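For reference, the chain that follows is the form predicted on its own, supplied as structure tokens.
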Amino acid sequence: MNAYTGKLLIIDLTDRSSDIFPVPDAMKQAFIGGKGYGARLLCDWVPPGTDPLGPENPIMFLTGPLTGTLAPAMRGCIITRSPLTGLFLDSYFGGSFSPEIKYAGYDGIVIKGRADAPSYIWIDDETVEIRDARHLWGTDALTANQRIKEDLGDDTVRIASIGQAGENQVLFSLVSCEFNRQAGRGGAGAVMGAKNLKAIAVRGGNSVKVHDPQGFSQACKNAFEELRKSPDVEALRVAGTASAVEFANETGLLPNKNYKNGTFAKASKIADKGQSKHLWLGSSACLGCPIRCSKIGAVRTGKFKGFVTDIIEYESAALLGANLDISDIRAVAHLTKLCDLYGMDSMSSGNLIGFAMEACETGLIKTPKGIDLTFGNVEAAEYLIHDMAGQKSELGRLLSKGVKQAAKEIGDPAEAFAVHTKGLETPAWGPRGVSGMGLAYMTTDRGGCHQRGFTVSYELGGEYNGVPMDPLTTENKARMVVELQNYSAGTDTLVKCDFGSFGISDTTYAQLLTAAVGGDVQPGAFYETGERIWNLVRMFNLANGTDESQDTLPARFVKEALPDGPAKGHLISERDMARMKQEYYDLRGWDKSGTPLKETLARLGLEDENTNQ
């Protein structure tokens, strides 16, 4: 008895069939779950060059071995080939949808093929049905959620759905996994839309057993105590990620006016102080999470009053607020809610709106009729969200392809201020004041991402595991980034709460996994498994068109010095990038072109990958 179900539910929309894939013991040992399973299966089942929006590209909803237990690991992940980047995509979500998959008796759901008409999937333990969703097509993500619950007569059913952006295959559309819990990055919603799949509804009636109940209970107690003692976790409990807005502003890392600047004079208005005043009414949490980093509230005054909102997370506040020079948190909440309803990544949306405002400012695109497309204009931002989601105009259709493709079609001048890495729009942590974060962006496996080795706290704190850190130099950055990436990938197999790792030690995670599934897991297993996943994904990405030249930063961070903040005058030069990148490749056991060496793959049990790609 252990916390694995040992089964993946495979659903083929084309022939309207379902089957069970028994998870091999070797895959459990080498890849644990979550991201690990997804990386292995994507490499095995998706040949190079597969169209991300074609029926052959699967979309996977995966749990981890701790999902559905008392452990703070209630999140899930979606794995597919990204239509935005063409690369490996793992996108994570909280809430209660992932535990429900486990309660239904599965370690994950894999969806292949394409339905011949709009459909949704209904999973009730062993019962699997593909149902008509034509009455839902054209509705927003949350309306679809509620109507399916009404159809099924059960408000406790857990649902993952797309909005109009996913239906229209906007390349950065997301999957909504219940209220304010989204798998936001990389365009998984477009993959569902291309499959004519509006939603997946799950109801489970099983419990999750663990191998050693007494040992697991003690490990959970250890984890909760570590969380209780962590000052970082306490800060999240009080103010969530919104408190990071003022921190980023004070350190010169907050994007303003399409990342031109690193500070925003009105940052406090969109941070936790402004949100507490205008939005929050209480705290909330994902299923079983002791951190309770989220909030629940409403916009009660002003032009946009009259709707319920959750916390405006740091990334949304920064990119739909500071980056657009908008300081009214009620307006930012409104823009974020529109993105949620349409099912569109608020990070990519904020990036693209900032790009469009600068492109208009510099005369590269025309101002839409009746719209003043300038920084600070809420109505202009709202117009573009409607336009991108509905693809109502030539500009909306252009921007819906993502900032990399939009800039390419506009021409060379626009590419100088298109802020992305490998086609994924950059998060809201400008790296010119923290060069290690720049290296993390350069080398991330899914494109521009701050969750694949968040170096900021170490660089600004001046130390990483006893090694001195100067945020503005390249020294000691590569080893830190490699270790953080490996650990992140390794623990994303669980699938953990990102904020749980702010307090829970690798020793406690190992104890949790040992008690849940048996064996004798050591803390080093997460680093080793993470390294294996990182190299496997690298081989997948190389086979699908990435190369050493794409391990780079946007021109804005390389050619334009930061004009403000503590790191004023600093940039990450071509020489800086080359130095860090080559050291990174050496530490990874890759050749000078960024390809894993045969001996590296052999050491990680990936010998066959060298010949398969």
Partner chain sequence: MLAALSLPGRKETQNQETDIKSLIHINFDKCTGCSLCQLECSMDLTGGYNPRRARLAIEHRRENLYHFPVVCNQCDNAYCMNVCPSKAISRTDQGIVCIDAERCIGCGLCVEYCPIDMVAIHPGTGKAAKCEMCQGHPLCIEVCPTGALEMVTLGGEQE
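Positions refer to the first chain, counted from 1. Small disclaimer: the values here were computed from a predicted structure and weren't measured.
Separately, the form predicted in complex with its partner chain exists; it is not shown, and the next lines address it.
Whether G524 contacts its partner chain in the predicted complex should be assessed with a 4.5 Å heavy atom distance threshold; does it?
Outside the cut-off, so no.
Do C286 and its partner chain come within 4.5 Å of each other in the predicted complex, heavy atoms counted?
Looking in the predicted complex, residue contacts with its partner chain include C286, since a heavy atom lies within 4.5 Å.
Mark G376 yes when one of its heavy atoms lies within 4.5 Å of a heavy atom of its partner chain in the predicted complex, and no otherwise.
Heavy-atom contact with its partner chain at 4.5 Å: absent for G376.
State yes or no: in the predicted complex, is some non-hydrogen atom of W137 no more than 4.5 angstroms from a non-hydrogen atom of its partner chain?
Flag for W137 set to no.
Can you pick the one in F540, Y383, F224, Y487 that has a heavy atom within 4.5 Å of its partner chain in the predicted complex?
Filtering the options by heavy-atom distance leaves F224.
Of the residues V517, A414, L142, I365, which one places a heavy atom within 4.5 Å of its partner chain in the predicted complex?
Among V517, A414, L142, I365, a heavy atom within 4.5 Å of its partner chain in the predicted complex occurs only for L142.
Heavy atoms within 4.5 Å of its partner chain in the predicted complex: which stretch among 320-328, 436-444, 238-246, 99-107?
Single hit among the candidates: 99-107.
Mind listing which residues of 69-84 have a heavy atom within 4.5 Å of its partner chain in the predicted complex?
The stretch touches the partner through T69, L70.
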